[in-house]
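There is one chain below, alone, in C-alpha coordinates, taken in the form predicted on its own.
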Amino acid sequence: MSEQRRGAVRSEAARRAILEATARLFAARGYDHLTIEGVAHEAGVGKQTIYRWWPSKSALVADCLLEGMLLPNRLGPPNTGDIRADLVTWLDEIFELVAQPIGESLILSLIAAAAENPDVGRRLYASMGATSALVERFEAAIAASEIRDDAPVQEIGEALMGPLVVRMLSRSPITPGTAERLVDVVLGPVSVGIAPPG
(Lines give C-alpha, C1' and ligand atoms only; values in the text may rest on other atoms or scores of the structure.)
Protein backbone atom coordinates (compact mmCIF):
# COMPACT_ATOMS: atom_id res chain seq x y z
CA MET A 1 0.00 0.00 0.00
CA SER A 2 1.39 3.43 -0.95
CA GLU A 3 2.11 6.10 1.66
CA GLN A 4 -0.66 8.24 0.18
CA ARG A 5 -3.17 5.39 0.49
CA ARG A 6 -2.11 4.58 4.06
CA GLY A 7 -2.50 8.25 4.93
CA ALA A 8 -6.01 8.35 3.46
CA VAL A 9 -7.02 5.25 5.43
CA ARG A 10 -5.60 6.68 8.65
CA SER A 11 -7.34 10.01 8.03
CA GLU A 12 -10.71 8.36 7.45
CA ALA A 13 -10.26 6.21 10.56
CA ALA A 14 -9.47 9.32 12.60
CA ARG A 15 -12.47 11.18 11.17
CA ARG A 16 -14.82 8.31 12.03
CA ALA A 17 -13.32 8.05 15.53
CA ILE A 18 -13.94 11.77 16.08
CA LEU A 19 -17.54 11.59 14.88
CA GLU A 20 -18.26 8.51 16.97
CA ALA A 21 -16.68 10.12 20.04
CA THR A 22 -18.75 13.26 19.48
CA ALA A 23 -21.96 11.22 19.22
CA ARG A 24 -21.17 9.35 22.45
CA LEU A 25 -20.29 12.47 24.40
CA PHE A 26 -23.27 14.40 23.06
CA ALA A 27 -25.60 11.62 24.19
CA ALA A 28 -23.94 11.47 27.62
CA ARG A 29 -23.42 15.18 28.34
CA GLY A 30 -25.46 17.26 25.93
CA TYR A 31 -24.30 20.08 23.70
CA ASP A 32 -23.48 22.62 26.39
CA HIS A 33 -21.01 20.29 28.13
CA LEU A 34 -19.42 18.98 24.95
CA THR A 35 -15.90 20.27 24.34
CA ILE A 36 -13.37 19.84 21.57
CA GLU A 37 -10.83 18.82 24.22
CA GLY A 38 -13.17 16.12 25.47
CA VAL A 39 -13.81 14.82 21.98
CA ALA A 40 -10.09 14.75 21.21
CA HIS A 41 -9.40 12.75 24.37
CA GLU A 42 -12.27 10.35 23.72
CA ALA A 43 -11.21 9.81 20.10
CA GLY A 44 -7.50 9.54 20.88
CA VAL A 45 -6.50 12.41 18.58
CA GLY A 46 -5.09 15.89 18.97
CA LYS A 47 -7.29 18.99 18.98
CA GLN A 48 -5.61 20.22 15.80
CA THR A 49 -6.73 17.07 14.02
CA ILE A 50 -10.31 18.00 14.82
CA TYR A 51 -9.88 21.63 13.82
CA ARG A 52 -8.39 20.50 10.51
CA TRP A 53 -11.85 19.24 9.49
CA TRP A 54 -14.31 21.20 11.65
CA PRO A 55 -13.98 24.91 12.49
CA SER A 56 -16.26 24.74 15.53
CA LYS A 57 -18.13 22.50 17.93
CA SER A 58 -21.42 23.27 16.20
CA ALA A 59 -19.99 22.19 12.82
CA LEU A 60 -18.79 18.93 14.36
CA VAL A 61 -22.18 18.18 15.91
CA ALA A 62 -23.91 19.13 12.67
CA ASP A 63 -21.73 16.66 10.77
CA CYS A 64 -22.68 13.92 13.25
CA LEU A 65 -26.34 14.67 12.65
CA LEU A 66 -25.97 14.74 8.87
CA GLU A 67 -24.05 11.45 8.99
CA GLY A 68 -27.02 9.85 10.78
CA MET A 69 -25.12 9.32 14.04
CA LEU A 70 -27.52 11.39 16.15
CA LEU A 71 -31.25 10.67 16.27
CA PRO A 72 -31.12 8.37 13.21
CA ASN A 73 -34.73 7.22 13.60
CA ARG A 74 -36.35 10.62 14.14
CA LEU A 75 -35.44 12.60 11.06
CA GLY A 76 -37.81 10.99 8.58
CA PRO A 77 -41.57 10.51 8.61
CA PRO A 78 -43.13 7.04 8.87
CA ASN A 79 -45.08 5.46 6.02
CA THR A 80 -48.38 4.03 7.21
CA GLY A 81 -50.19 4.78 3.96
CA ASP A 82 -51.75 8.00 5.30
CA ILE A 83 -49.56 10.96 4.31
CA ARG A 84 -51.38 13.48 6.50
CA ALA A 85 -51.23 11.30 9.62
CA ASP A 86 -47.58 10.45 8.94
CA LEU A 87 -46.56 14.09 8.64
CA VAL A 88 -48.47 15.02 11.78
CA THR A 89 -46.75 12.20 13.68
CA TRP A 90 -43.37 13.28 12.35
CA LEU A 91 -43.87 16.94 13.29
CA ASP A 92 -45.14 16.02 16.74
CA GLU A 93 -42.01 13.92 17.31
CA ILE A 94 -39.79 16.81 16.26
CA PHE A 95 -41.72 19.23 18.48
CA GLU A 96 -41.34 16.78 21.37
CA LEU A 97 -37.61 16.52 20.68
CA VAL A 98 -37.12 20.28 20.53
CA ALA A 99 -38.99 20.67 23.83
CA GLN A 100 -36.17 18.73 25.51
CA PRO A 101 -32.95 20.65 26.32
CA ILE A 102 -30.70 18.18 24.47
CA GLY A 103 -32.93 18.24 21.41
CA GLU A 104 -33.14 22.02 21.33
CA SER A 105 -29.35 22.27 21.63
CA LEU A 106 -28.88 19.78 18.82
CA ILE A 107 -31.17 21.53 16.36
CA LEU A 108 -29.90 25.00 17.23
CA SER A 109 -26.30 23.81 16.83
CA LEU A 110 -27.19 22.54 13.37
CA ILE A 111 -28.71 25.89 12.43
CA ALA A 112 -25.69 27.74 13.85
CA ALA A 113 -23.25 25.52 11.98
CA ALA A 114 -25.13 26.02 8.71
CA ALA A 115 -25.09 29.80 9.23
CA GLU A 116 -21.35 29.97 9.89
CA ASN A 117 -20.16 27.31 7.45
CA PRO A 118 -21.42 27.31 3.84
CA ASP A 119 -20.40 23.68 3.37
CA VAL A 120 -22.56 22.57 6.30
CA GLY A 121 -25.41 24.65 4.89
CA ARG A 122 -25.09 22.97 1.51
CA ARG A 123 -24.99 19.52 3.09
CA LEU A 124 -28.02 20.35 5.22
CA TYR A 125 -29.95 21.47 2.15
CA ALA A 126 -28.87 18.34 0.24
CA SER A 127 -30.02 16.15 3.13
CA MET A 128 -33.50 17.61 2.71
CA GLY A 129 -33.36 17.45 -1.08
CA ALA A 130 -34.44 14.96 -3.69
CA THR A 131 -33.07 11.92 -1.86
CA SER A 132 -34.27 12.82 1.63
CA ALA A 133 -36.67 10.63 3.60
CA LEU A 134 -39.22 13.45 3.59
CA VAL A 135 -39.23 13.80 -0.20
CA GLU A 136 -39.27 10.01 -0.57
CA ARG A 137 -42.41 9.97 1.58
CA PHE A 138 -44.05 12.56 -0.69
CA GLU A 139 -43.14 10.50 -3.75
CA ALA A 140 -44.74 7.44 -2.13
CA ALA A 141 -47.86 9.53 -1.51
CA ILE A 142 -47.92 10.48 -5.19
CA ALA A 143 -47.62 6.82 -6.19
CA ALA A 144 -50.52 6.01 -3.86
CA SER A 145 -52.61 8.87 -5.32
CA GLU A 146 -52.74 10.66 -1.96
CA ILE A 147 -51.41 13.88 -3.46
CA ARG A 148 -51.34 15.13 -7.04
CA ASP A 149 -48.69 13.71 -9.31
CA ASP A 150 -47.50 17.21 -10.24
CA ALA A 151 -46.99 18.20 -6.60
CA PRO A 152 -43.68 20.09 -6.13
CA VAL A 153 -42.25 17.74 -3.51
CA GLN A 154 -39.04 19.69 -2.90
CA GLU A 155 -40.95 22.90 -2.21
CA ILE A 156 -43.49 21.08 -0.02
CA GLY A 157 -40.63 19.82 2.13
CA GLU A 158 -39.16 23.30 2.39
CA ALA A 159 -42.59 24.69 3.30
CA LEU A 160 -42.77 22.27 6.23
CA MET A 161 -39.18 22.82 7.39
CA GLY A 162 -39.37 26.62 7.34
CA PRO A 163 -41.89 26.99 10.18
CA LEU A 164 -39.90 24.48 12.24
CA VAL A 165 -36.79 26.63 12.02
CA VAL A 166 -38.70 29.84 12.80
CA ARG A 167 -40.34 28.29 15.85
CA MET A 168 -37.04 26.92 17.13
CA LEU A 169 -35.25 30.24 16.74
CA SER A 170 -38.07 32.21 18.34
CA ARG A 171 -38.74 29.59 21.07
CA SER A 172 -42.41 29.94 20.20
CA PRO A 173 -44.59 27.62 22.28
CA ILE A 174 -46.07 24.61 20.50
CA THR A 175 -49.79 24.41 21.17
CA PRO A 176 -52.02 21.37 20.64
CA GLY A 177 -52.97 21.04 17.00
CA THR A 178 -49.94 22.94 15.66
CA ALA A 179 -48.72 19.96 13.63
CA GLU A 180 -52.17 19.35 12.17
CA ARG A 181 -52.57 22.98 11.13
CA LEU A 182 -49.14 23.11 9.47
CA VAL A 183 -49.78 19.91 7.54
CA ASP A 184 -53.21 21.11 6.40
CA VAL A 185 -51.77 24.39 5.13
CA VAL A 186 -48.98 22.67 3.21
CA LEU A 187 -50.90 19.71 1.82
CA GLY A 188 -54.15 21.53 1.07
CA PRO A 189 -53.20 22.84 -2.39
CA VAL A 190 -51.76 19.50 -3.56
CA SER A 191 -54.33 17.11 -2.15
CA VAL A 192 -55.99 14.85 -4.70
CA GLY A 193 -59.30 16.33 -5.84
CA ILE A 194 -58.14 19.95 -5.65
CA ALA A 195 -57.37 21.45 -9.02
CA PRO A 196 -54.02 23.20 -9.45
CA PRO A 197 -54.13 27.00 -9.75
CA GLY A 198 -54.47 28.36 -13.27
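Predicted, not measured: the structure shown is a model, and the values here were computed from it. One rule holds for the numbers: they count along the sequence shown, beginning at 1. What we label the rigid core is the largest C-alpha set whose atoms superpose within 1.5 Å from one form to the other.
The same protein also exists as the form predicted in complex with another copy of the chain; that form is not shown, yet it is the one meant from here on.
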Of the candidate stretches 133 to 141, 162 to 170, 62 to 70, 22 to 30, the one with residues having heavy atoms within 4.5 Å of another copy of the chain in the predicted complex is 162 to 170
Does residue 81 reach another copy of the chain in the predicted complex, with heavy atoms at most 4.5 Å apart? no
Within a 4.5 Å heavy atom cut-off, is residue 154 in contact with another copy of the chain in the predicted complex? yes
Any chance residue 112 has a heavy atom within 4.5 Å of another copy of the chain in the predicted complex? yes
Taking heavy atoms and a 4.5 Å cut-off, does residue 181 contact another copy of the chain in the predicted complex? yes
Core-aligned CA displacement of residue 138 at least 2 Å between this form and the one not shown: no
Is there a C-alpha shift of 2 Å or more at residue 47 between this form and the one not shown once the rigid core is superposed? yes
Core-superposed comparison between this form and the one not shown, residue 147 Cα displacement 2 Å or beyond: no
Taking the shown form as the reference, report whether the CA atoms of residue 98 and residue 58 lie closer or farther apart in the predicted complex; the distance changes by 3 angstroms or more. farther
Closer or farther apart in the predicted complex, the C-alpha atoms of residue 93 and residue 57, for a change of 3 Å or more? farther
